[in-house]
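In the form predicted on its own, a lone chain appears below as structure tokens.
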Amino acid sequence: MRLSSISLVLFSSILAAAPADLILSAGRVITMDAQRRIIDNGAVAIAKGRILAVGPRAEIDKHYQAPKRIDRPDAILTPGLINTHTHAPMSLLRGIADDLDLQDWLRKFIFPAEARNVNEEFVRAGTRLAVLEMMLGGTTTYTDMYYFEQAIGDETRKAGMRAVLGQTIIGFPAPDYKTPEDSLAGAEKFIATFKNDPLITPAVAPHAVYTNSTETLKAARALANKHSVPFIIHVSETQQENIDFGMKHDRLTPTMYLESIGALEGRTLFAHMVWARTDDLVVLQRHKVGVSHCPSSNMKLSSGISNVPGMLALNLAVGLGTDGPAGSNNDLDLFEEMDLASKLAKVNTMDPKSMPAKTVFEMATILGAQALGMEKEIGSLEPGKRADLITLSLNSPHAWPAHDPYSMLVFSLKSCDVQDVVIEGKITVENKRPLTLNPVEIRRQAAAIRVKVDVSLK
């Protein structure tokens, strides 16, 4: 049988195309690469968990073929979002106490509720719920500090989610370990379990300067450096924290104290940094400390307004975080955080030019990756990077018309517009349907645990 000339051309092009595992295309591709390229009618080719190529769809289709395609002409394709601070299992404590200041919220409600309810089963169920919520909302990497972090790592990995997970170290009996020494030993075991895991980056997470001794903080830093993993800590979340700490430590701020004991010598992420002085920011710049800005939490607990424009002016790597969903926020929605981060800065500086949409989307992607020390792996769509990306449907009225894409992403689009999610080259959400988690079972478990929590608080 003779092949027509057209068939021969098609056959030759197929032979010339390189194999890929997956190709995604969209009406617009937002790369967040160094040039911040935006590609109309673009596509991404993926193989073995990494990005092969990013470019116009016609070029990708010319050079690559894949057994699986997702084509979304009425969508925006972007890097996956990065949540740089949360406490995932606290999803099961959502709404147990609202409208309180931080210390009353922690000491009167959260710490007692955790003491009565948190065990490994609770943590596994809460992690599955949180990961489902984050994944459906376009988050592909999250940073956690909690208890039973081994269980969090297990459940996160099973769901196909990427995470930086910090075993919490705290100076009073916790649900998993009763002493800081036990917590440090547990953290080392946790690091050994997940070292070199493609999805899970283990970390050491002392809760705060006011809940740990100097010796414990030094030991936590040493452990992080020994294994070359991140050191994660809450710092200067409230004004009262700074005042109380300064009275006990010769007027040092928590940042200056951490520098004085050598705790900033290595990969470090500060959560919140609401009450940072100018000299604190210089310290962060000197040690290349990343910052997680949590606008919803800081507003809801009336903690204050972080000087993020000042941090960005010093080229600090500032990402966005939701904080935990137990009352300091109540959800894990990074689209909400982007919108609030921009508007909060504008009203605080009385400057509508402050924190433009493009800057805020950088914080949710490539700057968040830099804050975690992972910018060579995630945060942008570039050949060789890990294939973490999302598509967002433009089929809802709030997406019409689609002018500036950064404005759309920060001010118009919502987490419910997320259509597809790919993490490490694997599809975890397709056409808004989760593929790696069972929502029916997760909801059933959450309802059962809610009853136990309610009873324990009476």
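Computed from a predicted model, the values in this text were never measured in an experiment. All residue numbers are counted from 1 along the displayed sequence.
One more form of this protein exists, namely the form predicted together with another copy of the chain; it is left out here, but the text below deals with it.
A residue is said to contact a partner when one of its heavy atoms sits within 4.5 Å of a partner heavy atom; P352 meets this definition for another copy of the chain in the predicted bound form. The shortest heavy atom separation between A192 and another copy of the chain in the predicted bound form exceeds 4.5 Å. Although the partner is absent from this view, K68 stays clear of another copy of the chain in the predicted bound form, with no non-hydrogen atom inside 4.5 angstroms. At least one heavy atom of L340 is located within 4.5 Å of another copy of the chain in the predicted bound form. In summary, the region of this chain contacting another copy of the chain in the predicted bound form, judged by heavy atoms within 4.5 Å and restricted to 49 to 57, 396 to 404, 419 to 427, 34 to 42, corresponds to 396 to 404. A heavy atom within 4.5 Å of another copy of the chain in the predicted bound form is found for exactly one of E181, E120, D98, D279: D98. Taking a 4.5 Å heavy atom cutoff to another copy of the chain in the predicted bound form, the contact residue among S380, T156, S296, N242 is S296. Interface residues of 295 to 327, taken as those with a heavy atom within 4.5 Å of another copy of the chain in the predicted bound form (partner not displayed): S296, N298, M299, K300, L301, S302, S303, G304, I305, in sequence order.
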